[in-house]
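Below, in structure tokens: the form predicted alone, a single chain.
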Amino acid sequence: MQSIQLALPDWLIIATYFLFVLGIGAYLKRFTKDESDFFLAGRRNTAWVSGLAFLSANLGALELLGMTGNTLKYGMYVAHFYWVGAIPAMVFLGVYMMPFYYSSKIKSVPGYLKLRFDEKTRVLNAIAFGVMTLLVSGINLYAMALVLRTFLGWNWDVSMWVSAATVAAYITMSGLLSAMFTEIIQFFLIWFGLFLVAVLGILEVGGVQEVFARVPTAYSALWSTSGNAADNGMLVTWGGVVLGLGFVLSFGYWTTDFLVVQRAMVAKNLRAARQTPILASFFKMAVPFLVIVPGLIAYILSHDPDSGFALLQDGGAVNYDSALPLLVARYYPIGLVGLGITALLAGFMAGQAGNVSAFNTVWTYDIYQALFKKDASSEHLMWMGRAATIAGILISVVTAYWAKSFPSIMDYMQAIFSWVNAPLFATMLLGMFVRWITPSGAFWGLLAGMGSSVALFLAVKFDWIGKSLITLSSVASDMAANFWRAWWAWLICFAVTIGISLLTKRKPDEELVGLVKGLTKEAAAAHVPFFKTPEFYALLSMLAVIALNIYFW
């Protein structure tokens, strides 16, 4: 594709954005006085601040390029990632799990595993999370490079290094504090910058009804085509959607991934912490308008020989992730193109900053301090956090080249989540709600779950076994294999954890106070009216998502 010639107003908008986020990092550095400010943003944020940062950290390359590209590949089925694959888990986190995370005053999710089980389970999870986070961070770099290459004609190498250097600069200066402030600004930039893509696309095609009329039936429904895998674009049955995505992958990501849970942990009190994911769930429900609609429009245009719309090709293979940048280029005039590019860059930088700030916290507290320097001072931990930020960014550049080799971002992401988050959810669920689960049961169960998931991934990738063996279906896509692999990993972790716990020594109840259901003070605040409680907003969120599923059945 010939690169787009940006006009002066476009360049000014992009340059202003870069200078602004760097300026925020420099300004907030004066307020970053100790490790609490750097790693925990001072723990003084309202539910709205934490909620917007919670969602913005998730609005990275996965949401923007990945989901748009996957809609082009799999159709309306991708909306499952937002509704059944996100909202119930976000509500569950706010209502049931945040009291355990927040009340125990931990600094990270692996920190909870240390208190609930022991040090070895904490370190195992910390190492797995660190590796996963750097792999995901590479996706954001890859996506940024894709946009800069598409619009500006830069080569991959220059694009990745420029993007990495910018994020490293403002995170190194003030840690999570600058990450959260920039994430809030980026949240609004993403909406303002990309909203018009969907609107202008609908107008070109001829209306919402015309959009659905011009895509195949398999691409335009959520549940009515889920009885037979061959009837829908993703080639997965409702069983894979509910068990693999809706239960294991969704709950594994939204309730245990420190990238998002960290934003709720740094709220100013327990009520704000519980409200954080629930408030974010309402915005999450609306994100499909930014990605699903453009994905369907890209499908229509790419199948219309008269539209003049063609996706990028990499090595002879279609690059689905190029759909959204190409739509921005198609619809936006001079000036607005700059805003659209800035919105995309804001999304990628928010996602990458979220991954890096979570990585430097887990590395510093759960690996470096736990294994190498238990008596580290606050100043030393801040120094280590900054060093980890730079090291994490450098490793992310390497992982970005690996992400580039996958057919789409989402295939890559879900493969990674099925290795780490899926079994971890079984460990967390049993740890928080079953008091007789033992440290040995948790460690060996988690190890068995992660090991089995990686083994299944390699077995399918190198054709040692067919996808149908794990998907229980004669036809299956890469995504269907991800869903079912996550389910088997969760089940293996769940069973091994219970089996070994029945044979090994449990912790006494007095050591589990505040960490396990039944031994923790209930979070309900009697003096708060029901319509102001997390439970009330959780109920509204669930009713809304049920209505959406019925409407698009």
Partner chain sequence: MSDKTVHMKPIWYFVGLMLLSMGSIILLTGVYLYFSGIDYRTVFAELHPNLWWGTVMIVAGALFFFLNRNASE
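Positions refer to the first chain, counted from 1. In this text, all values refer to a predicted model and were calculated from it rather than measured experimentally.
Below: the form predicted together with the partner chain, not depicted.
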query: Residues 181, 189 and 334 all lining the partner chain in the predicted complex, heavy atom within 4.5 Å; finding: yes
query: Heavy atom within 4.5 Å of the partner chain in the predicted complex - residue from 221, 339, 370, 311; finding: 339
query: Proximity to the partner chain in the predicted complex, single hit among 40, 492, 49, 516 (heavy atom within 4.5 Å); finding: 49
query: Candidate stretches 75 to 83, 193 to 201, 450 to 458, 243 to 251, one within 4.5 Å of the partner chain in the predicted complex by heavy atom; finding: 193 to 201
query: In the predicted complex, residue 539 touching the partner chain (heavy atom, 4.5 Å); finding: no
query: Contact of residue 30 with the partner chain in the predicted complex (heavy atom, 4.5 Å); finding: yes
query: In the predicted complex, residue 326 touching the partner chain (heavy atom, 4.5 Å); finding: no
query: Partner contact for residue 272 in the predicted complex: the partner chain, 4.5 angstroms, heavy atom; finding: no
